[in-house]
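Okay, so here's just one chain, in structure tokens, the form predicted alone.
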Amino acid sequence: MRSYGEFCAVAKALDAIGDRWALLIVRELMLVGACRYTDLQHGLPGVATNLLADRLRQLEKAGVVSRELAPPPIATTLFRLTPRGQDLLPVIRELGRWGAPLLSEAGGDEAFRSYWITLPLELYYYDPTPEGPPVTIEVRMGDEPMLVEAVDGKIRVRRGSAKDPDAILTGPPWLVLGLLSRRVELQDALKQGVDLQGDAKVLNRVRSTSVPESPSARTAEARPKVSRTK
């Protein structure tokens, strides 16, 4: 790893975490928690195995990542963030906020993992009706289903399916996120390939604090239940 050779806090930080893939490794460990090398490879499509190993060594040396041997029956090496690594959460959060508008420029061939939506939804979205009953939206837009729950004014995201969700959203990630952020109108999203089953009104329980709504976005409050099948 080359150093900038500057007596500057920003330069020193970039010496430690500024190399390609380093902050994405931090992102994975923040979202997934302690995980195996193969889990990191899955969450970092496109990284060469030797480069991943090199970046992990650099992050360990910088005190950002630690490794431990899990006991049987797992008996494998697990990587996790150290307390100093966890201090990078605000950095990842602000990078996500800054980069959110760039998602509108995303191409259809870019890699995507469903759980990547966890951080932005839990950080930048809220439930505008905290006095309402909890609602669950099952989102299917990638390699696994995710549950978006609005409860007590907060948005919670977790992996898995629900037995009886209030709504199910299926479609390409850029369209589903556009709908949830209200940059895309419901009817436009449906026309472009999103499938909505259940109560469309529950979409109003998810609001973004960082992405402005489209001026022409229509609310779903007056809409009846929608049920579309492919």
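Numbers follow the displayed sequence, beginning with 1. Not measured: the values here are computed from a predicted model.
Keep in mind that the form predicted together with the DNA is not shown, yet the notes after this line are about it.
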Please tell me whether the candidate spot formed by Arg20, Arg36 and Leu51 is one where all three residues come within 4.5 Å of the DNA in the predicted complex (heavy atoms). yes
So in the predicted complex, does Gln86 come within 4.5 Å of the DNA, heavy atom to heavy atom? no
May I ask you to check whether Arg55 falls inside a 4.5 Å heavy atom distance of the DNA in the predicted complex? yes
Look up in the predicted complex whether Gly63 has a non-hydrogen atom within 4.5 angstroms of the DNA, and give yes or no. no
Does at least one non-hydrogen atom of Phe79 fall within 4.5 angstroms of the DNA in the predicted complex? yes
Based on heavy atom distances of at most 4.5 Å to the DNA in the predicted complex, which listed stretch, 184-192, 23-31, 160-168, 55-63, is the contact stretch? 55-63
